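Only one chain is shown below, in structure tokens, and it's the form predicted on its own.
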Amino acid sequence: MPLLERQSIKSLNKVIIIVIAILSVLSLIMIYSATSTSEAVGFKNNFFVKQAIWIVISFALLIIVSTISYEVWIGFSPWMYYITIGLLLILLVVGKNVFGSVRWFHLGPVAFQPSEFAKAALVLMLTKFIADNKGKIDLLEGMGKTFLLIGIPMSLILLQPDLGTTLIFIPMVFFMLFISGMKKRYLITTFALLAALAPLFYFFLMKDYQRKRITSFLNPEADPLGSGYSLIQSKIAVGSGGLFGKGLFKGTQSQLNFIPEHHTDFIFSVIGEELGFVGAVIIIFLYYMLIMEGIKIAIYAKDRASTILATGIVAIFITQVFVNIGMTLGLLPVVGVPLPFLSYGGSSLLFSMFLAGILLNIHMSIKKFSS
């Protein structure tokens, strides 16, 4: 291995690597606990084994991506963007409807979710567009192209329908445009307009079950066995954990499968019940460390493009953590947003590792630039 590559690998951000490694180990432990009494557990459907395989694959991807210049990924972003659009269009035509949504390609035992790919593609493509159009995004034509670039994948994901992933893009876009220097009045006007259109979206574009999720968030007891069931069971699980939790494999809500999707979207509920307040705080602290390292990388990035890109990646992680934990605690409506590096799912884990790898490479470029 060339000396330069050895030095690059040695200069990896150790805090990010350690935090992701700890979260990955905790992911395996909690997924095993959450699914140990499930009827689905078996060799073919063993969530623990599948997640372990995905962790090995995605961790290797993390290291590989970290050694490739972020500029290469920005340059490749148009291809990623167009492939994403193609996949999302094909999915709407031939995808399998599961629980009222068309979100996955099923390739034998593997399920692939293009909307996860879209997060990586859009953050890279938007970075390239902003970098290539310095000083033009404030112009009417530039703003139009910017929101067209963002709007196409968001609309296709919304049609699946996948409200959770669509919402993740909004803070990402806001902070990337803010960091890029777009005038504040344009940003405020744009997002005020989106807020004004929210009632139209609610009454005419949202599916009935999505509207029920919002009403159940405001009053889950109104339909305790229907739309409010997941939220009620999640709050019971977290609240019953107390200070130190009931212990691994001893959570009644999780072990008796009262919590739906307790190995994916509601993994934090299992943590709250079995590891208690202390365990939940440790998880939040790990995410705090990851996010703070990302913010430092964005602040000290060597050029405009890497600053914008790092900002977008950090915004994705912040939003996913905030929305997932918020919905399990009853602070936000229930939407299908996984907890990064913890929830079960190959697509989510793979592209979270991919984005973290780019963040690591930006950090290495800072080290090289300052040395």
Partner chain sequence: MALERVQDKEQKKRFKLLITFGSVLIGIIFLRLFYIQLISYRKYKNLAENNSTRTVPKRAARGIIFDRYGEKLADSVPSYTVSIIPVDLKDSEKVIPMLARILEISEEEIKQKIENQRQKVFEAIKIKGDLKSSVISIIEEHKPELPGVIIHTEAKRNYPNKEIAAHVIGYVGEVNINDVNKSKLSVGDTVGRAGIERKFDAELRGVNGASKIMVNSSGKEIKSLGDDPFTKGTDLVLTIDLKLQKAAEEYFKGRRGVIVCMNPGNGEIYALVSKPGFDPNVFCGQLDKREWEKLLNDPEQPFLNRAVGGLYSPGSVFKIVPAVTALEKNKLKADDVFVCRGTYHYGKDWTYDCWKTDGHGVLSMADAVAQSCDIYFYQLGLTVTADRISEYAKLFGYGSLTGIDLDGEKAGLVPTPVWKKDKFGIPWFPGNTIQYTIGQGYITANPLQILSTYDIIINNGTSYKPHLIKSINGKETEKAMLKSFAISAKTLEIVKKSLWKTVNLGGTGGKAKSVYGIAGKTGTVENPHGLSHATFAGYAPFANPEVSVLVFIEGGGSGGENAAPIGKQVIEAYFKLKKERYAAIRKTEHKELK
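What you see is a predicted model; the values in this text were computed from it and never measured. Positions refer to the first chain, counted from 1.
What comes next is about the form predicted in complex with the partner chain, which does not appear here.
- Highlighted residues A280, A301 and I318: every one comes within 4.5 Å of the partner chain in the model of the complex, counting any heavy atom.
- Checking L243, I90, L148, A195 against the partner chain in the model of the complex, a heavy atom within 4.5 Å turns up for just one residue: L243.
- Between the options I53, A60, L331, I68, the residue in contact with the partner chain in the model of the complex by a heavy atom within 4.5 angstroms is L331.
- Residues with any non-hydrogen atom within 4.5 angstroms of the partner chain in the model of the complex fall in just one of 76-84, 154-162, 231-239, 125-133: 231-239.
- Put simply, F268 is close to the partner chain in the model of the complex: some heavy atom of it is within 4.5 Å.
- Mapping the unseen interface onto this chain, P114 falls outside it, with no heavy atom inside 4.5 Å of the partner chain in the model of the complex.
- At least one heavy atom of F178 is located within 4.5 Å of the partner chain in the model of the complex.
- In the model of the complex, no heavy atom of V335 sits within 4.5 Å of the partner chain.
- Along 266-293, residues F268, G272, G276, F277, A280, V281, I284, Y287, Y288, I291, M292 each place a heavy atom within 4.5 Å of the partner chain in the model of the complex.
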